[in-house]
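Read the single chain below, which is given as structure tokens and is the form predicted on its own.
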């Protein structure tokens, strides 16, 4: 892939370079992290994680691959998602405990913020990529929220972790979008890798008698037929888009329940 040059010299640190170029599996320096923020969003501190700016988390030994810097859910969005999940979860009895599962961990930043906002919660995350897993395992060791991170396919490993009797479940669904996002048609939830509808169906088969809250990360525009197909699998749902980017390209969350209605 040909790299776009910035100022005729250094390559432009954008989504193409970090996600599809030679920086995809490279551990980024602090300068590269901040250059990505500046080049792509006019903000060198764009990649905020775990409640810290890039200089703060880098000083603590936290490191990211190029692909993770692009794919991670940064603090402003993860915080809002966590708050909205907590708002829906609060409609269950006050003593309810929650098992929060992230099948596609990445940086674990969204899971971290969900745990910060949902009382009586514990988190389990799964990461298939061994390099991402190893970096994230080290990154989350010193955080103020305990997360059990496992390396492998959640469909195989989830059988080893059973929620305690009476626990409700929160599932954060954010698989790689791959070719599922079209700027005109929107995000097709049937074309993510794997499809969101398949993930929801798999969780329902595993836990047919549990109260489950699904939180599906979406784009500001969602393909209508794929959204309708997902809605049909849920007892209740609510779509919310967060206006955090003045230039558009905003993300949102689809909250949906199975086994109960808020």
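Treat the numbers as computed from the prediction; the structure is a model and nothing was measured. Positions refer to the first chain, counted from 1.
Absent from the display: the form predicted in complex with a small molecule. The rest refers to it.
The listed set 71, 84, 75, 188 contains one residue whose heavy atoms approach the small molecule in the predicted bound form to within 4.5 Å, identified as 71. Think of it this way: in the predicted bound form, the small molecule has a heavy atom of just one of 141, 182, 167, 129 within 4.5 Å, and the residue is 129.
Heavy atoms within 4.5 Å of the small molecule in the predicted bound form are found in exactly one of 84-92, 116-124, 159-167, 100-108, that being 100-108. Proximity of residue 153 to the small molecule in the predicted bound form: non-hydrogen atoms within 4.5 Å are present. Although the partner is absent here, residue 48 sits far enough away that none of its heavy atoms falls within 4.5 Å of the small molecule in the predicted bound form. In the predicted bound form, residue 67 approaches the small molecule with a heavy atom inside 4.5 Å.
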